[in-house]
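Here's a solo chain for you in structure tokens, the form predicted on its own.
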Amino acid sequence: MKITVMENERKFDEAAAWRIIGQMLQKPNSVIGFSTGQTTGNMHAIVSEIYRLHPFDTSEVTVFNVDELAGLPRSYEGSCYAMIKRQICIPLEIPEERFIMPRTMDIDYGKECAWFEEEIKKRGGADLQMLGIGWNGHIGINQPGTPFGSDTQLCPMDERFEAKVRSEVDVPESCELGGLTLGIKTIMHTRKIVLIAKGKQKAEIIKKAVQGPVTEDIPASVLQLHPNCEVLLDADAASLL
């Protein structure tokens, strides 16, 4: 596991953006997994701005998001589908057929999870996964206690995580949420993972995930076993290392 610490949030965002662009430049037919949330918005904006100023070939790039909120239509602004389409696909001119995302309304979730995994496999598997980390160590929406051997699945959400999601994307209380997420085993099959975190609020969980024992109680700790994982942090997130 490689740990990279940037001196401030702006440099962190730039470094994360270049991890994404570098993958596209190195392998034009890359399959890249994204994450959404407060950590990723600025880095995605930098990716889009660099592409606008210095266009490069994205015609063979395939993208997906590591998870999606079940119970929300794709048209909802706060859905992961809508955010990745708005922040990455449209600015980088990535067509719909190269944007793999599961459906989450009125479907057989078991079949949809299997479809999601199979579509990534059909393209040769994921080359890069940009992966956030939750306050309790969750990756994707794989909560503490999720078996490391888990496949893509529909997960219930931790109360604190659900409250955070509802606050960030303004989901009404009347809408019942779940989380369709790539499983931990599936994530670990990615050729390269970049775990990203910024801010002092992430410092404690980063210390546990990076320097503590590998345990299903801290899902992100399994990344210590990945052969090609970089932990990219700003100084605040790294302050307890």
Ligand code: GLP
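These figures come from a predicted structure and were not determined experimentally. When you see a residue number, it is the position in the sequence shown, counting from 1.
Below, we refer to the form predicted together with the named molecule, which is not included among the displayed structures.
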property: Proximity to the named molecule in the predicted bound form (heavy atom, within 4.5 Å), stretch among 51 to 59, 66 to 74, 210 to 218, 23 to 31; result: 66 to 74
property: Proximity of Thr190 to the named molecule in the predicted bound form, heavy atoms at 4.5 Å; result: no
property: Lys202, heavy atom within 4.5 angstroms of the named molecule in the predicted bound form; result: yes
property: Partner proximity in the predicted bound form: Ile141 to the named molecule, non-hydrogen atom cutoff 4.5 Å; result: yes
property: In the predicted bound form, Gly37 touching the named molecule (heavy atom, 4.5 Å); result: yes
property: The unique member of Leu128, Ile133, Ile88, Met101 whose heavy atoms fall within 4.5 Å of the named molecule in the predicted bound form; result: Ile133
